Each structure stands twice: as C-alpha cells, then as structure tokens.
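In structure tokens, one chain follows: the form predicted on its own.
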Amino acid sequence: MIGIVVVSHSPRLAEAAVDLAMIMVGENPPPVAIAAGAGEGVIGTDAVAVAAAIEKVASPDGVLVFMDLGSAVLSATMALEFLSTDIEVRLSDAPFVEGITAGVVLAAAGASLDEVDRETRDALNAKIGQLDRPTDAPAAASAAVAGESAAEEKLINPDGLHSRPAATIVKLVAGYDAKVSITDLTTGKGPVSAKSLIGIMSLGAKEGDVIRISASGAQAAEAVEAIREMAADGFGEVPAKR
C-alpha cells in the first residue's frame, strides 16, 4: 500500500483534510503523515519535517505527497534531497482537498502509485461535472463483450453517488476480478470506471436516477450484483422503515 504525505502551512487545515478523507475509508486506511507548520504556532512549511514524514510512511509501493500553497511545493522539493530512502516519491499537482480524499480512498483500495497519481490529477472533475461544465472524467470502455454482466438500479439515497458511496464502490470493486463501469442512464453520462472515485462522482448521479452497472471478467456477475445490492439498500443512507 502506498504512503500519503500531506504538506500544509496550517496544521489545522492538514488535519481537517485528512480527517475528511479518513471518513471515506473506515477500516484499513493507508499510512498517512502530516508535515504542517514551521514550528510552534508558526504558519509555514519545513523541508526537514516533510522529509521525516515521507520516511515515516515509506514503503516499497511508493509515496505520494500533496501540498497546499507555493512554498509547500518548495519545501517538498527540497525534502527529496534529505531522504535516506530510495523508494519512489512523487509530488502531486492535484487540488489539495479533493486530491487527498481521492488519494486516500484509492490507496486504501490497493491502487498502485501510478494509478493514484493519475487519478488524483483529475480530482476537480467531480466538482466541474456537478456544475454542468465539460470534464475530462476517466471513462471506461462501453463495448459489449462476451461474458459481460449488467444490471440497472434506481438510486434511492437522498444525495445519490456523492463521495461516500463512490468511495464504497471503489473499495468494493478492488476485491473482484472484474472490469466494472457505471453509467447514469437518466442523464446519459458515462460510462466511467468503478475503480475511479473521481469518475463516479463526476456522473453527478442524483436520487431517482437509474444507473447501469456493467462488468466483464471472471467475477463480473458477482461484482455487478454486489454494487446493485448496495444501491438498492441506499448505500446505508436510507433510514429503515418502521
């Protein structure tokens, strides 16, 4: 599992961003380290602290570093010169809050450094899509193939496929040997990969929308049914009827 480092001028900002991301993953989160502030009560960043944070979460799978403002980038760049480890470290240009959230979720799902880095670069697409502006959302192929399984389900949870259900789908799909995609049949958006947190959120699928879950691969049917059941249950967000 890759490590995540968060570099910020403000410890409170960094802690809040990480707390938000952790809500999405629940159990078995990836290792995350924060390097924020430039001393007791001082707003700023410290390259030595960033290097220490990187080494704290270092693993053979690599480390991805998220930064807030300009000098945080400078500190992170300098930190690379102080490292005693030779593991791969990448500095992400992803938006701070959205990138951290997507990165933590994908890392927890076992995604590689390449996959997490690539996905978080598109982390603003979900917000852009919700504002009805053109996006470059990660898409999944829509061709019908032998052995493909599919199902349709109407979304019943009040907020549709927002961040928490999207994160739940990403983690679920990671456990199946299948290539899964989701399409919002109501709006015509998609398909997007079910392994893409940003892609799912960019659909902007709302309560009442009908989604199509498609999959191919050895466990295609099982993956489709698992997601369909979650959607039918409202992703645990619909109060039980008495």
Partner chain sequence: MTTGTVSLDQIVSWLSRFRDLVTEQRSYLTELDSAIGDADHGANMYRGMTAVMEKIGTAPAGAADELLKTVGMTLVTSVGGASGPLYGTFFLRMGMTAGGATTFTPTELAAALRAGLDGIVSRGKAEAGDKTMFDAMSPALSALDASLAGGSSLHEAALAAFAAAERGRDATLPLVARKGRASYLGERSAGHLDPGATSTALLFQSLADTFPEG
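Since the model is a prediction, treat every value here as computed from it, not as a measurement. Numbering follows the first chain given and starts at 1.
FYI, the form predicted together with the partner chain isn't displayed, but the following is about it.
Asks: Taking heavy atoms only, is I156 within 4.5 angstroms of the partner chain in the model of the complex?
Replies: It does not: once the partner chain is placed as it appears in the model of the complex, I156 has no heavy atom within 4.5 Å of it.
Asks: Going by a heavy atom distance of 4.5 Å, is T45 a contact of the partner chain in the model of the complex?
Replies: So T45 counts as contacting the partner chain.
Asks: Is A38 close enough to touch the partner chain in the model of the complex, meaning at least one heavy atom pair within 4.5 Å?
Replies: Because a heavy atom of A38 falls inside 4.5 Å of the partner chain in the model of the complex, the answer is yes.
Asks: Is there a heavy atom of S149 lying 4.5 Å or less from a heavy atom of the partner chain in the model of the complex?
Replies: No, no contact at 4.5 Å.
Asks: Report the residue, out of S92, S163, S75, N125, that has at least one non-hydrogen atom within 4.5 angstroms of the partner chain in the model of the complex.
Replies: None of the other options qualify; the answer is S75.
Asks: Is the partner chain in the model of the complex close enough to H9, S71 and F82 that every residue in that trio has a heavy atom within 4.5 angstroms of it?
Replies: Yes, because H9, S71 and F82 each have a heavy atom that approaches the partner chain to within 4.5 Å in the model of the complex.
Asks: Hey, of 28-36, 172-180, 196-204, 63-71, which bit sits against the partner chain in the model of the complex at 4.5 Å between non-hydrogen atoms?
Replies: Within 4.5 Å of the partner lies stretch 63-71.
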